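Only one chain is included here, represented as structure tokens and corresponding to the form predicted alone.
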């Protein structure tokens, strides 16, 4: 654990990619294999389930430190992280615990079935054997909230340095539904098990944002298609089975029984990249994202919801055919082979092409882009016709040219401090619009301002707060912000009856008094046009 805690500290102290990669590569080159496997799992988002609730852990820590619960509660917003708050208030360790990272992960499994008193005693005993940095990591593992600023791409790069195996091959091996309980370091990294390979997706190719396409050169070198507002997924047909993976590396086959008939129609050794959408078969267009959202997070989907929001996969790309990896072939060739494959399917199956858009100039394409919301799309995708299918983001070949966001001007009515490095600043705000003479809250946002603006609004909140509700401060309705968002939908769970998709602060409207902010009627009009 001490070695892993030092790695965590090194990763947390720097924003330099080269320094993080070097620290990771050094750890992966020297740690025991079981610890390496757990480190790869934790750093790539495969966190263990929570062993104890945050509330219980906070209370047990307060009791162990001899502090009143209210003082720990007040300290948390200042520190910005519960695991760190607990690590700071605990008394010095009484002994030195030499358990390895994999040893602690096995210990966590024994903790979960215990009754509260036995669990509390075991955790207090563990705290007494760990120094501060080790305690911080230990606490994060306990709550299932282990996070550090490292991407899976960076983990892959460091692992390539430590093992000498090529990055693309490692990126593929790290995909899929594995955990340290189901594999070993040798089997996952050093060997290439054919059985594991059957269900494993490829790393997704991702795009960079595009402001305007004029610098991309000749339009004829590019393929354009709609950027659909759904869930990116890979459909895999291998070994007589069908697998559906989300971009978040979650196996979601069971949540989309709509696709089961494809097992009888797709040839073995096929992998398709596409967008999962809720689909209106009569209109032959996507349903609003809110309809698809009703199906997310469910292990099973009731028949009523299957009927209301049937799923369809609009295919972007063919990554594998006949068991052969096609990712290095040009996009134009992959698309031709995809069209031939899909053209042989019966019309009733829930799989079809994402159509290529014809255009002869960037101006003509911009006119097409302006109609995206009418088609329930977010904008356009531009892909170089000769491009391979990269792993992750590689600048130059794939671009997303999204529509300008919808915007409203709203009044800030509540403020809350951020977390981690933003714990000393008020960065999370609640916004409202006018409904007659009353302000109705409708959205929360926490991004979009500069560091200087966050510092300025923090000073104002501290000087002008009207009431306190735990970490939340009610403030006078004086400041107006332009709120940008990607979509709007009805929501019976919100007082305003409206929910926004991806709200963020576009700018601080110092030029506008609160009385001139938008109204609930304005939001309802946007809902009628774009919902």
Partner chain sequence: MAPVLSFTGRGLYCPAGDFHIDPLRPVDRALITHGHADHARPGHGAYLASEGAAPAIRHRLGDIRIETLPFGTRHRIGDATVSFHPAGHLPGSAQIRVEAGGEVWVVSGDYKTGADGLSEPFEPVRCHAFITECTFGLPVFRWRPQAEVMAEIDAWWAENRAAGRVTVLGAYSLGKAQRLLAGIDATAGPVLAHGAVEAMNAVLRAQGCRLPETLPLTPETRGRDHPGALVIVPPSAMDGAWTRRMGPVSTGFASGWMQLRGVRRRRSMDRGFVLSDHADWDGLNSAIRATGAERVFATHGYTEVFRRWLESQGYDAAVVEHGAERGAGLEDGE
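Everything quoted here is computed from the prediction, not taken from an experiment. Numbering follows the first chain given and starts at 1.
Not on display, but discussed next: the form predicted in complex with its partner chain.
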Site check 18, 24 and 325: each within 4.5 Å of its partner chain in the model of the complex by heavy atom | no
Specify the contacting stretch among 357-365, 136-144, 344-352, 258-266, defined as having any heavy atom within 4.5 Å of its partner chain in the model of the complex.
-> 136-144
Would you mind picking the one in 292, 79, 372, 170 that has a heavy atom within 4.5 Å of its partner chain in the model of the complex?
-> 79
State the residue from 122, 71, 190, 216 whose non-hydrogen atoms include one within 4.5 Å of its partner chain in the model of the complex.
-> 71
Using a 4.5 Å heavy atom cut-off, state whether residue 13 contacts its partner chain in the model of the complex.
-> yes
May I ask you to state whether residue 424 is within 4.5 Å of its partner chain in the model of the complex, using heavy atom distances?
-> yes
Non-hydrogen atom contact residue 84 with its partner chain in the model of the complex at 4.5 angstroms | yes
Could you confirm whether residue 462 comes within 4.5 Å of its partner chain in the model of the complex, counting heavy atoms only?
-> yes
